[in-house]
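Only one chain is shown below, in structure tokens, and it's the form predicted on its own.
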Amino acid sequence: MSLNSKVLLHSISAVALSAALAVPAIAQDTKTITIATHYNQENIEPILACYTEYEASHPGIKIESQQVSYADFLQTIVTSRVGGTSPDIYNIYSIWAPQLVKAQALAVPPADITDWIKANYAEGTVGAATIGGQVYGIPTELSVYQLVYNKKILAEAGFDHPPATWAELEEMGAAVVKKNDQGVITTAGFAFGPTVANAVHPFYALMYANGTPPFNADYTATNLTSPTAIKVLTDMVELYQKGITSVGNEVGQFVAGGSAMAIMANWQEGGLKAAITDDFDNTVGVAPIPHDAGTPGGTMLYSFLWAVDSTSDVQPEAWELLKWLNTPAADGTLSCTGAMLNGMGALTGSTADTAAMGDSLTDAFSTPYVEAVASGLALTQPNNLQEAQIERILRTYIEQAWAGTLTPTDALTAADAEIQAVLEE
């Protein structure tokens, strides 16, 4: 073999060896961040594009997206942790957070991330992401409760404004009731039920509106036997006793003119618009929750939040990515999360994204919800460890009071006893 051939062969071998050594080095340097959400493909498209952008500007990062149905999401998280395959980031419902915190499943954000959240998100939404005084995630999609009313039904009875107090609500509700020949209410003044969200959440919202939270600050006891709670449930029951509503009238009937008023969350706008296609703005109105004079007013919200798994081996990178996804690239623009939520017609706890959403949040339907969040009057759904179980218990007793089988005081006393036992478990 000639000298030149040897030199060429040596050079080729050196290049090959260098390349062989470089491959595992690249693989070792690349960090994969897995993100699990419950959103469908259409919902998540804007943020998937952001993942691609982030990977391009961060060559050492690869992002993998997992989509799980909402119904299976919490169980999937639990199962994946048992199997050692937890995602690094997940988007969770705020009332799941206490269970995950107790299971030591959620990572505590770095101090600078916590400070950034507190500085850039509305107070009530930070509360939804806080367990035991510690912030565990970045608030995302919000659900806020307000009074939704049918303007045309109220106008037919001579009212050109929604009720501000419960007494006004009763007056207006009684004036609009219609019954068929069999005495069945066909148009109710108000509607509750039949789900937890249409029974317990309005009850919580009314408690907040009248100045008393459902639980004490550390969730060791309820305020369900307080004068406020008893009055709230008594007011609800009187709507049934006075024939303003009945157990046969439900929130879902609002869209067909089955009730003049109901307490609903902002996410129901899409369904209402799909059902009320003619003259929506002159038909459907939104107003703050009616409350007694002299009380501060308010309502309840719940949130989803971005959280990081405590077993993730890329926690610093995960929090850096989340901050990037939730920070607008420039003033007046939407963050990646904000763009996703805006496409869904959802509210956000981010003050910057709320401002950037502009016209999409200044319509007559959205404004009262946005104002409730911005004012701090929308307070978080209780972050109890067993909140889902607690709400099922409370719903049972609320419905017994509606049906007249228990007095409001007896219903709430019994509910308090059962719920207190759950709190002490």
Partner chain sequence: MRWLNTRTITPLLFMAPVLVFAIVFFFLPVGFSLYISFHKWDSLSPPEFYGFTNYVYLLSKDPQFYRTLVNTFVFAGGTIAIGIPLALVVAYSFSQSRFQTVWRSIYWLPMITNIVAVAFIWKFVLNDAYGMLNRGLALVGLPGPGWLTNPSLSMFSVIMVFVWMQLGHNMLLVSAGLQSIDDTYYEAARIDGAHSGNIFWDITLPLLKPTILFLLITNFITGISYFALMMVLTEGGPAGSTNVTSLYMYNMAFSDLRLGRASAAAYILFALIFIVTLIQLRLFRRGGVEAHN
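Positions refer to the first chain, counted from 1. The structure presented is a predicted model; accordingly, all values stated were derived computationally and were not measured.
One more form of this protein should be noted, the form predicted in complex with the partner chain, which is absent from this view; the next part is about it.
Chemist: Does every residue of E42, A339 and S366 put a non-hydrogen atom within 4.5 angstroms of the partner chain in the predicted bound form?
Modeler: No: none of E42, A339 and S366 comes within 4.5 Å of the partner chain in the predicted bound form.
Chemist: Flag R392 as yes or no: does it have a non-hydrogen atom within 4.5 angstroms of any non-hydrogen atom of the partner chain in the predicted bound form?
Modeler: Residue-level check for R392: yes, a contact with the partner chain.
Chemist: Using a 4.5 angstroms cut-off on non-hydrogen atoms, would R81 count as touching the partner chain in the predicted bound form?
Modeler: Yes, R81 lies within 4.5 Å of the partner chain in the predicted bound form.
Chemist: Is there a heavy atom of T283 no more than 4.5 Å from a heavy atom of the partner chain in the predicted bound form?
Modeler: T283: no contact with the partner chain in the predicted bound form.
Chemist: Given that the partner is absent here, does A199 sit within 4.5 Å of the partner chain in the predicted bound form, heavy atoms only?
Modeler: Heavy-atom contact with the partner chain at 4.5 Å: absent for A199.
Chemist: In the predicted bound form, which of the stretches 292-300, 174-182, 128-136, 204-212 has residues with heavy atoms within 4.5 Å of the partner chain?
Modeler: One stretch meets the cut-off, namely 174-182.
Chemist: Which one of V314, L74, V237, A346 is close to the partner chain in the predicted bound form, taking close to mean a heavy atom within 4.5 Å?
Modeler: Of V314, L74, V237, A346, the residue with a heavy atom within 4.5 Å of the partner chain in the predicted bound form is L74.
Chemist: Give me the residue from G271, P110, G243, G248 that has a heavy atom within 4.5 Å of the partner chain in the predicted bound form.
Modeler: Result of the distance check: G248.
Chemist: Can you name the residues of 387-425 that have a heavy atom within 4.5 Å of the partner chain in the predicted bound form?
Modeler: Sequence-ordered list: A388, Q389, R392, I393, R395, T396, Y397, E399, Q400, A403, E418, A421, V422, E425.
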